[in-house]
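Read the single chain below, which is given as C-alpha coordinates and is the form predicted alone.
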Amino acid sequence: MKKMTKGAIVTGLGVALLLGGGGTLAVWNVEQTANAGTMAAGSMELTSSTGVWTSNLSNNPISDITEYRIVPGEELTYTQQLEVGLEGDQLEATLSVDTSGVTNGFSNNLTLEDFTVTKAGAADAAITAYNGSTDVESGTFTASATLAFDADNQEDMNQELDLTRLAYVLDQKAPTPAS
(Lines give C-alpha, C1' and ligand atoms only; values in the text may rest on other atoms or scores of the structure.)
Protein backbone atom coordinates (compact mmCIF):
# COMPACT_ATOMS: atom_id res chain seq x y z
CA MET A 1 0.00 0.00 0.00
CA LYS A 2 1.07 3.45 -0.54
CA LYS A 3 1.98 5.65 2.38
CA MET A 4 -0.87 8.06 1.57
CA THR A 5 -3.51 5.34 1.68
CA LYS A 6 -2.09 3.89 4.92
CA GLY A 7 -2.13 7.39 6.47
CA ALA A 8 -5.76 7.95 5.46
CA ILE A 9 -6.85 4.59 6.93
CA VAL A 10 -5.05 5.25 10.21
CA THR A 11 -6.47 8.77 10.45
CA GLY A 12 -10.01 7.54 9.70
CA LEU A 13 -9.64 4.78 12.31
CA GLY A 14 -8.40 7.29 14.90
CA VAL A 15 -11.34 9.62 14.28
CA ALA A 16 -13.79 6.70 14.41
CA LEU A 17 -12.37 5.59 17.77
CA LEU A 18 -12.59 9.10 19.19
CA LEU A 19 -16.17 9.59 18.04
CA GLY A 20 -17.25 6.09 18.91
CA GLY A 21 -16.38 6.33 22.56
CA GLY A 22 -12.74 5.33 22.42
CA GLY A 23 -12.01 8.86 23.62
CA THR A 24 -13.63 12.22 24.21
CA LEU A 25 -13.94 15.19 21.97
CA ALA A 26 -13.90 18.22 24.23
CA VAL A 27 -15.67 21.48 23.21
CA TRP A 28 -15.91 24.71 25.13
CA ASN A 29 -19.07 26.71 25.60
CA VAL A 30 -19.57 30.13 27.23
CA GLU A 31 -22.89 31.94 27.76
CA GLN A 32 -23.68 35.58 28.59
CA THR A 33 -27.16 37.17 28.97
CA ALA A 34 -28.07 39.97 26.57
CA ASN A 35 -29.56 42.22 29.29
CA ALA A 36 -31.84 43.73 26.61
CA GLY A 37 -34.33 45.24 29.09
CA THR A 38 -38.13 45.13 29.23
CA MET A 39 -40.36 46.48 26.50
CA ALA A 40 -43.98 47.69 26.73
CA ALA A 41 -46.58 48.41 24.05
CA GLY A 42 -48.11 51.86 23.65
CA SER A 43 -51.80 52.69 23.67
CA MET A 44 -54.43 54.94 22.11
CA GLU A 45 -57.47 56.36 23.83
CA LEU A 46 -60.40 58.48 22.69
CA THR A 47 -63.08 59.65 25.11
CA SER A 48 -65.88 62.15 24.74
CA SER A 49 -67.93 64.25 27.12
CA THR A 50 -71.67 64.73 26.89
CA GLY A 51 -72.43 67.10 24.04
CA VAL A 52 -74.64 70.20 24.12
CA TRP A 53 -77.16 71.32 21.48
CA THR A 54 -78.05 75.01 21.05
CA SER A 55 -80.41 76.82 18.67
CA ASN A 56 -79.50 79.95 16.71
CA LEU A 57 -82.94 81.28 17.65
CA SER A 58 -82.35 81.22 21.42
CA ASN A 59 -78.63 80.47 22.05
CA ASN A 60 -79.77 78.46 25.09
CA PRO A 61 -78.76 74.82 25.63
CA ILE A 62 -81.40 72.28 24.59
CA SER A 63 -81.99 69.99 27.56
CA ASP A 64 -83.32 66.96 25.61
CA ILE A 65 -82.73 66.86 21.85
CA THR A 66 -85.02 63.84 21.47
CA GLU A 67 -87.95 66.02 22.59
CA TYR A 68 -86.92 69.13 20.64
CA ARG A 69 -88.71 69.98 17.37
CA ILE A 70 -86.71 71.99 14.84
CA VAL A 71 -88.52 74.54 12.65
CA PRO A 72 -87.73 75.80 9.12
CA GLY A 73 -85.02 78.46 9.11
CA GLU A 74 -83.48 77.22 12.35
CA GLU A 75 -79.90 76.05 12.84
CA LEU A 76 -78.87 73.75 15.67
CA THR A 77 -75.24 73.52 16.79
CA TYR A 78 -73.78 70.55 18.63
CA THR A 79 -70.60 70.96 20.69
CA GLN A 80 -68.66 68.20 22.45
CA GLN A 81 -65.23 67.80 24.07
CA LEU A 82 -62.93 64.96 22.99
CA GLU A 83 -59.83 63.71 24.80
CA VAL A 84 -57.16 62.04 22.68
CA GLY A 85 -54.45 60.02 24.42
CA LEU A 86 -51.51 58.61 22.48
CA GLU A 87 -48.78 56.75 24.33
CA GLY A 88 -45.94 55.41 22.23
CA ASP A 89 -42.62 56.83 21.15
CA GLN A 90 -43.34 56.47 17.44
CA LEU A 91 -47.17 56.49 17.64
CA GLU A 92 -48.94 58.80 15.20
CA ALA A 93 -52.70 58.91 14.63
CA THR A 94 -55.45 60.59 12.66
CA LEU A 95 -58.88 61.68 13.87
CA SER A 96 -61.92 61.65 11.60
CA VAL A 97 -65.70 61.88 11.78
CA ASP A 98 -67.77 58.96 10.47
CA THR A 99 -71.23 60.04 9.28
CA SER A 100 -71.99 56.85 7.32
CA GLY A 101 -74.53 55.66 9.91
CA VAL A 102 -76.56 58.88 9.93
CA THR A 103 -80.05 58.26 8.55
CA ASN A 104 -82.24 61.09 7.35
CA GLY A 105 -86.01 61.00 6.87
CA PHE A 106 -86.03 64.59 5.65
CA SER A 107 -86.26 65.43 1.95
CA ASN A 108 -82.67 66.72 1.87
CA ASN A 109 -83.74 69.94 3.60
CA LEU A 110 -82.00 69.15 6.90
CA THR A 111 -78.27 68.98 6.35
CA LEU A 112 -75.38 68.15 8.63
CA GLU A 113 -72.75 70.70 7.76
CA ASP A 114 -69.67 72.39 9.14
CA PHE A 115 -68.68 69.41 11.28
CA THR A 116 -65.30 70.40 12.66
CA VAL A 117 -62.92 69.03 15.24
CA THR A 118 -60.44 71.58 16.54
CA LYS A 119 -57.63 71.23 19.07
CA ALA A 120 -58.09 73.55 22.01
CA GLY A 121 -56.16 76.72 21.24
CA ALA A 122 -55.18 75.72 17.68
CA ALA A 123 -57.22 76.41 14.55
CA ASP A 124 -54.92 74.40 12.28
CA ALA A 125 -56.18 71.00 13.48
CA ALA A 126 -59.72 71.39 12.13
CA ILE A 127 -61.35 68.65 10.07
CA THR A 128 -64.79 68.30 8.59
CA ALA A 129 -66.99 65.25 8.20
CA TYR A 130 -66.63 65.42 4.45
CA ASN A 131 -62.92 65.88 3.81
CA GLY A 132 -61.23 63.06 5.63
CA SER A 133 -59.08 63.25 8.73
CA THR A 134 -56.35 65.22 10.42
CA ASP A 135 -53.18 64.24 12.25
CA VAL A 136 -53.61 64.52 16.01
CA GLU A 137 -51.53 64.32 19.12
CA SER A 138 -52.59 63.87 22.72
CA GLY A 139 -54.84 66.65 23.97
CA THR A 140 -58.31 68.14 24.22
CA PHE A 141 -60.37 68.76 21.10
CA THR A 142 -63.73 70.44 20.54
CA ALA A 143 -66.14 68.84 18.08
CA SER A 144 -68.83 71.06 16.62
CA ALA A 145 -71.56 70.42 14.05
CA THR A 146 -74.34 72.53 12.60
CA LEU A 147 -77.71 71.29 11.38
CA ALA A 148 -79.49 73.70 9.07
CA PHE A 149 -83.21 73.21 8.35
CA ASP A 150 -84.20 74.96 5.12
CA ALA A 151 -87.58 73.30 4.53
CA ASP A 152 -90.32 75.17 2.74
CA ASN A 153 -92.62 72.21 2.13
CA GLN A 154 -95.06 70.15 4.16
CA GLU A 155 -93.43 66.76 3.59
CA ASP A 156 -90.70 67.37 6.18
CA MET A 157 -93.16 67.73 9.06
CA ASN A 158 -92.57 65.08 11.78
CA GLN A 159 -89.47 63.66 10.06
CA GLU A 160 -86.39 62.53 12.01
CA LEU A 161 -82.62 62.57 11.66
CA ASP A 162 -80.93 59.70 13.52
CA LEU A 163 -77.52 60.87 14.75
CA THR A 164 -76.99 58.01 17.21
CA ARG A 165 -74.43 56.37 14.89
CA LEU A 166 -72.34 59.47 14.33
CA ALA A 167 -68.82 58.49 15.42
CA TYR A 168 -65.32 59.80 15.93
CA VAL A 169 -62.55 57.50 14.70
CA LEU A 170 -58.97 57.53 15.98
CA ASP A 171 -56.70 55.50 13.68
CA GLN A 172 -53.02 54.71 14.03
CA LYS A 173 -51.03 55.90 11.05
CA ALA A 174 -48.95 53.18 9.45
CA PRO A 175 -45.35 53.57 10.62
CA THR A 176 -42.76 54.44 8.02
CA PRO A 177 -39.39 52.74 8.52
CA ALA A 178 -36.34 55.00 8.37
CA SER A 179 -34.28 54.60 5.24
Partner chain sequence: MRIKTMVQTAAVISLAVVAGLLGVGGTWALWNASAPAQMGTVQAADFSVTVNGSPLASQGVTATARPETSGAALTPKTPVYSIIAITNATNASGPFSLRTVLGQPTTSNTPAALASNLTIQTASMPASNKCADASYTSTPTATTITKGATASLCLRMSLPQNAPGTLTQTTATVAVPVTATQIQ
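Positions refer to the first chain, counted from 1. Since we're looking at a predicted model, the values are computed, not measured.
Beyond the structure shown, there is the form predicted together with the partner chain, which is absent from this document and is the topic of what follows.
Put simply, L147 is close to the partner chain in the model of the complex: some heavy atom of it is within 4.5 Å.
Mapping the unseen interface onto this chain, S43 counts among the residues with a heavy atom inside 4.5 Å of the partner chain in the model of the complex. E67 belongs to the set of residues with a heavy atom inside 4.5 Å of the partner chain in the model of the complex. Using a 4.5 Å cutoff between non-hydrogen atoms, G101 does not count as a contact of the partner chain in the model of the complex. Looking at 146-179, the residues that come within 4.5 Å of the partner chain in the model of the complex, counting any heavy atom, are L147, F149, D156, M157, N158, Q159, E160, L161, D162, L163, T164, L166, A167, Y168, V169, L170, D171, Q172, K173, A174, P175. Legend note: Cα of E74 to Cα of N153 is at least 3 Å closer in the model of the complex than in the depicted form.
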